[in-house]
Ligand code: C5P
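Given next, in structure tokens, is a single chain: the form predicted on its own.
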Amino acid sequence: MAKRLEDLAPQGLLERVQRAAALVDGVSRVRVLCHYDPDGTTSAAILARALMRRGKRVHATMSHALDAATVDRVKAEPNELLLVSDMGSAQLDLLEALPFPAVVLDHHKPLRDSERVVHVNPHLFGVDGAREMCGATTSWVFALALDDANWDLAGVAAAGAIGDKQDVGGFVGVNAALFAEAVDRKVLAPERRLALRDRLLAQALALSISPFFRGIGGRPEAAEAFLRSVGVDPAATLRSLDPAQRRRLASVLAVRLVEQGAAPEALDVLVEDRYWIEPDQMYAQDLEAYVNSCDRLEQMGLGMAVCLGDREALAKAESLLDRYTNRVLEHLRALETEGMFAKKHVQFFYCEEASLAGSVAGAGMQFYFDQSKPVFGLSVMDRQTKVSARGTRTQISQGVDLAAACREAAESLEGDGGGHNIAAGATIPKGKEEKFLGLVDDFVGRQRAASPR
């Protein structure tokens, strides 16, 4: 028997979502503003689909940041309602000044609540937005409050949660409840398998970013030699292996990750629960990969079109995925040989491509960087420097909070920062990089010192 939404999420959260949904029927035009990453892009697609089904005109945009200039542009448009997803909880002051209603569907830890903005954030209701709900699942709950027919958007929401790494070790909390219900409703079909692309095994290993295998990633010949050395045919595919061969391959790859110093949670990435999306006829993991490559290569509209079911956009996204994968692998390979810059409590590197820095930092931190220190990837641009910070669950358990570190350090330099405790970012004035790194190094050190041993 199908469960009600009230059985799957906290009552307080649903009451806030229902307040937001009640604003929709009184307007004809809705502005949607989301973050530019996979979680934000899938959020935009979920909101656009749900609103168009409701007969609304929709203008959706993915943005790198929600700042005063962005809000001023939105304010000057003929909007009747603004929906912001995967950001907004840190910009309530700006949104409260709008002349029309605004709804925030965010999952980043908020600094406060709001009386003027309908503020939907799982943290306000005892749900961890870093693990139990992402921007896409928060937006999906809003869509379900609009119409129960929006259960068919489960796959897009799952892709967003995967993009936010909330699937590592299995979904938990509200995510787990929602996706289990989608499985019961035959929208999603789970399948447990090695996290490798459906290519010849040598190619799949060489192209793998998550997991990334040191000495193999980006090196097809090395991947082929490794497979032969462990008795696996490099020209085989994962599907062609019998169960015993698949178990053996999983074991030797797990040993490889341990030997290269991967984080404990990296082993959770190696074998994953893949979700087949019945309405869209693809895996949620593949949808996330397409959207991520589009976003990172500044083709956010193309990623959203893929989420909306545009098959022509999908063909274009496939070629972008190959480009994105090769570029990230180039950076990871370079850092294998060049190493990192290190301070007492943090490590860092420079990446000339700001849109790729987070991907490089995340893969490196999880699979082969020094596990004792969070990593900061810096991209120096014309007038400002973008920062992407990544940590591990072990570091978080030791008191590290990268969102707080980035926010405090950036704001002291007239920049801005925030995010999650395990994955955060900042924008600072160009030329302030060394000062920023000194501040976050000190801040992380104080966080760890203050944490109970």
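Start at 1 with the first residue shown and count on from there. Here the structure is a predicted model, which is why all the values come from computation and not from measurement.
In what follows, reference is made to the form predicted together with cytidine-5'-monophosphate, a form of this protein that is not presented.
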Note: cytidine-5'-monophosphate not shown here; in the predicted bound form, the stretch from 47-55, 66-74, 23-31, 409-417 having heavy atoms within 4.5 Å of it is 409-417
Touches cytidine-5'-monophosphate in the predicted bound form: Asp164 (any heavy atom, 4.5 Å) | yes
Contact between His108 and cytidine-5'-monophosphate in the predicted bound form at 4.5 Å, heavy atoms?
-> yes
Would Ala404 count as touching cytidine-5'-monophosphate in the predicted bound form under a 4.5 Å heavy atom rule?
-> no
According to a 4.5 angstroms non-hydrogen atom cut-off, is His119 in contact with cytidine-5'-monophosphate in the predicted bound form?
-> no
Taking heavy atoms and a 4.5 Å limit, what residues of 58-88 are near cytidine-5'-monophosphate in the predicted bound form?
-> Asp86
